[in-house]
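The chain below stands alone and is given as structure tokens, in the form predicted on its own.
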């Protein structure tokens, strides 16, 4: 492989890996608190993209009950320049966060209050996910919706530079995705590691009973956790949507499977592990030769299998301590 091609693959892998990382953070946040995988996270990811598309475009023209309904008769006030698109993205992510809070109220809290087996809450979240994706399909259809080409303003569609006599090209949207992902990871890391809210969340994750005895409202911080999880999931959905289009109600399913692979690879409940796992899987996919691109998912999961044979707890996970 030529060095220029190596750099090209490296940049592509970092861009998609950063999306996997912030998507997997949503899984990790909930798992670290409740010890349960939220299977509705993929649906929240999808909703984030649709919410932002609604705010920017304001109309679904292909299919569904909302076909041809102009949500903004005079045109969306959040389209036309990068600043308003950024605002729409944040509002879409916030909407996804609120949906995640609603999912916690409907699918998780009733099970938790009754002391039900965690497996039942997992199945309940899967049921909520199916309801959400089918509702999306009913309202807007299963067709692909693309964001406007000027969503990021007058930026060129691609950037290029010469390396070793070869031209390396990277899509501008990939650079934006990587930059936004880094900022989001840094902000979330600061919130979790440096703020009072983050310290309370870590206390609840460590021992909910002790945290409650110390005056921490466990239910309140579980709600905050779900909002943060939904926010980062919705943000990831919009980032992917701008790069590849909003590919139907089920387009979050693929990323949901990748997210599960990421958190297992990085270590269940480990935020740094989710970041590292996302980047590793993204890079592994990027370096699959073009003629075998149809098998890149298999390569990522094969890598997961090999690593878990060596480190069952994941790259940065902690081995379970058994008391005897």
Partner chain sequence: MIRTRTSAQFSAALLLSLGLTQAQKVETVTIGVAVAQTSNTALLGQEQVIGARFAEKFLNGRGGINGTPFKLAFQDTGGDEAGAINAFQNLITKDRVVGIVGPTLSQQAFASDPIAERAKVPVLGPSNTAKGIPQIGDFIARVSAPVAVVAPNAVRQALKLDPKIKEVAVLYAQNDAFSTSETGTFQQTVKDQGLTLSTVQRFQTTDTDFTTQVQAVLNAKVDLVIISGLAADGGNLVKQLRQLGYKGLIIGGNGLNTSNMFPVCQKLCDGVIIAQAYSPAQASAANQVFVKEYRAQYKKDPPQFAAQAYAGVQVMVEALKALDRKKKLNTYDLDDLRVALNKQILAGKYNTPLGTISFDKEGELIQKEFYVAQIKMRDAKNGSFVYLK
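Positions refer to the first chain, counted from 1. Please read these numbers as outputs of a predicted model, since none were measured by experiment.
Quick note: we don't show the form predicted in complex with the partner chain, though the next part is all about it.
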query	finding
Contact flag, residue 171 vs the partner chain in the predicted complex, heavy atom cut 4.5 Å	yes
Contact test in the predicted complex: residue 165 vs the partner chain, heavy atoms, 4.5 Å	yes
Touches the partner chain in the predicted complex: residue 255 (any heavy atom, 4.5 Å)	yes
4.5 Å heavy atom contact, residue 146 to the partner chain in the predicted complex	yes
One stretch from 267-275, 35-43, 22-30, 57-65 that, in the predicted complex, holds residues within 4.5 Å of the partner chain by heavy atom	57-65
Among the candidates 142, 94, 126, 86, the residue which, in the predicted complex, approaches the partner chain to within 4.5 Å (heavy atoms)	142
